[in-house]
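A single chain comes next, written as structure tokens; it is the form predicted on its own.
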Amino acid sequence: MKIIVLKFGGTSVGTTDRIKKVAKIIAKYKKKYHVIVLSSAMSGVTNNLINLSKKISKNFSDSEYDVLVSSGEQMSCALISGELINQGFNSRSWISWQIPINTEGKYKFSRINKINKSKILSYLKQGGIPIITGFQGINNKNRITTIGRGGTDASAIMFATFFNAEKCVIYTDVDGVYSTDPNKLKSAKKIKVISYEEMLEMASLGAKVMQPHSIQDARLNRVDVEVRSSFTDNEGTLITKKKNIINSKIITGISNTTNDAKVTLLGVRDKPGIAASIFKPLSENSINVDMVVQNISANGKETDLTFTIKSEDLTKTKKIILQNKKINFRDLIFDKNVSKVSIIGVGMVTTPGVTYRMFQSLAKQKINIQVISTSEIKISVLINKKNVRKAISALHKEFKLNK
């Protein structure tokens, strides 16, 4: 049985006219495959439901939150199925508990661990097109759970895994993954094929095409993922294994963040375990620390420690540090006018001089680097937010990504 999994995002199903177009896309695949469809809620619906919960309570129950926000997908699935029936197809909507899709973990942040295949396989054999609610499942208490914003991508990838699908196609409002944000640089080029590892880095570093945990699921389960637009017939971007890619470029893409903040503790009294004393309470409060740099004074008694966090965690971070009795420091400085710019590419593993070329390119534009972090396939620098477009343009040209 040749199966393909299709996922449609909120903008793709945002109106009834768009849903009619989605049904036509599904019908084309039906000529060649048994089709499983996962749908997000119509654009704006989930946010409206979240706002309703906030009007009820600032501490709205997590379990009831999941019941509430999961209702958006039920609506869009019924509309898609209804349109397919209107076109003469055998189709029906499926809510997660009807399959069931089993999850584990906390409400709002669960993960899919099992999908019961029997009912869906039986329906596919009958020629049916199942339209399934993404973003959700049920736990061992038979309660509805959700798997985080953007979770329908993860739902689709897990369906592709459990049903051994030939491919998972993610339909969204962009027609693929670009070398950098085309809104910031007009010469950005669509990437035809990209590795899981590169896509994971790009998503983690600011590219918003897919959620990082969805790409990680695809990588772990070796599911080929194609990102396409539901608004055009253009070819998309294939996310696949490194060995499937023939690429002469050293750098595949450039990403940047828009919500970073820099925290600097000056004159920290240096002693063994001081970094752990600073970061432990941040971790316990679910604050993710990213780039870290430490400078030791000449006498070895003091250190300046700088790190980055998400800007929405700034107030909470300040409070936690000031209340921390285990550390002593002279001053605490925050800066929200920063952005992380990163170059990503598996080619840099075997190519010397990439770091020099990046730094030299930024230096020519008189862009100061504040913090640096690296991995095998990426180099990230923290710069002033006002220089982001200039940095992206310079790096894009340096590594010939516009060709």
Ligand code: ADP
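Here the structure is a predicted model, which means the values were calculated and not measured. So that there is no doubt, residue numbering starts at 1 and follows the sequence shown.
Heads up, the form predicted in complex with adenosine-5'-diphosphate isn't pictured, but that's what we're talking about next.
- Only one listed stretch (317-325, 170-178, 270-278, 105-113) carries heavy atoms within 4.5 Å of adenosine-5'-diphosphate in the predicted bound form, and that stretch is 170-178.
- The partner is absent here, but in the predicted bound form a heavy atom of Asn183, alone among Ser118, Asn183, Asn140, Asn259, sits within 4.5 Å of adenosine-5'-diphosphate.
- Only one of the listed residues (Leu238, Leu265, Ile99, Ala207) places a non-hydrogen atom within 4.5 angstroms of adenosine-5'-diphosphate in the predicted bound form, and that residue is Ala207.
- Residue contact check for Thr11: one or more of its heavy atoms lie within 4.5 Å of adenosine-5'-diphosphate in the predicted bound form.
- Interface residue remark: Met202 is counted as part of the site for adenosine-5'-diphosphate in the predicted bound form, having a heavy atom within 4.5 Å.
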